[in-house]
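Given next, in structure tokens, is a single chain: the form predicted alone.
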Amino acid sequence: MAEFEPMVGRYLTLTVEGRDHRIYFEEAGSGIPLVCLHTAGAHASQFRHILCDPTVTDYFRVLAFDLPWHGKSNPPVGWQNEDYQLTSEFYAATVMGFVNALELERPVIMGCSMGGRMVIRLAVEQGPHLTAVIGLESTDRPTPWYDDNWTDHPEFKNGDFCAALVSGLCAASSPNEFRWETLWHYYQGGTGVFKGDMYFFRTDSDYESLSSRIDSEPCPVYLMTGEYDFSCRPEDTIRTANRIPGAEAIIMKGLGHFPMSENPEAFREYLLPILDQIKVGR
């Protein structure tokens, strides 16, 4: 018997920084828009369990897109003649371009890892136009967790290497099925994409001087980090939340760096109460 999942996939073309980018996204549900931002070197399949959860989609229109160069989104024309490098400006412009193209009214933005870093910037710049931000494995400044010299090694461009590099970021207690699903996202990465994302994550996303400017009254800030994450440590998330007036830090027991894909059942127990608060506040 065939079993169909509820999400629908589509493409749109966005012009960002003067270039056209063909972007793939999936959506499911209706209600408050919830835009999901994937981790470095991966793609929006990380959020498939949320897209398939009727407890979420009965009240939220969940949308998850692949950044250009990632997943099913194309790199721009001429990509073969350049090295990919994700900048803070391009990332923010792409997210807001997506929001505006779909005419999403005061969406919730939820991002993980580099996506969790980006929600800090978006809360600073777009807070009054957002319902809330949820930062998964989120800090407001880079937290290096490996030697920068590795990025120059030829194997760093290889999907096997990237999957091996992030494998320790999954909690040991995460179900084996979902741990390997999470690593598969990294096996699929294009050449040089993880390295290009690391430019943003490690070099071009220091928002420590900006985060205290966030007004969490119109835009509540929730920072949720797995207790076993050593690339975004719980203590760094707590320090970030302490710099943002009114922000809430939640440390998720038994989870690692990829909560929504490595242990979806455990993650939803933390996420659903936050979504309930957002529904009431909206």
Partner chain sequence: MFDTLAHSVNNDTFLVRLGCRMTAAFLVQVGTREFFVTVDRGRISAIDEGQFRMRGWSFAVRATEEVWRTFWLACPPPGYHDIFAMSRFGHCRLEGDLSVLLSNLRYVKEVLAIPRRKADTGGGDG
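Numbering follows the first chain given and starts at 1. Source: prediction; values computed, not measured.
This next part talks about the form predicted together with the partner chain, which is not shown.
- Stretch-level contact check against the partner chain in the model of the complex with heavy atoms at 4.5 Å: of 159-167, 201-209, 106-114, 120-128, the positive one is 159-167.
- Though the partner is left out of this view, E235 does reach within 4.5 Å of the partner chain in the model of the complex, counting heavy atoms only.
- Shown alone here, F230 lies within 4.5 Å of the partner chain in the model of the complex, counting heavy atoms only.
- Not displayed here, the partner chain is kept clear of V77 by more than 4.5 Å at the level of heavy atoms in the model of the complex.
- Contact check for Y187: a heavy atom falls within 4.5 Å of the partner chain in the model of the complex.
- Interface residue among T143, Q85, S88, T191, judged by heavy atoms within 4.5 Å of the partner chain in the model of the complex: T143.
- Of all the residues from 169-199, those having a non-hydrogen atom no more than 4.5 Å from the partner chain in the model of the complex are C170, A172, S173, W180, Y187.
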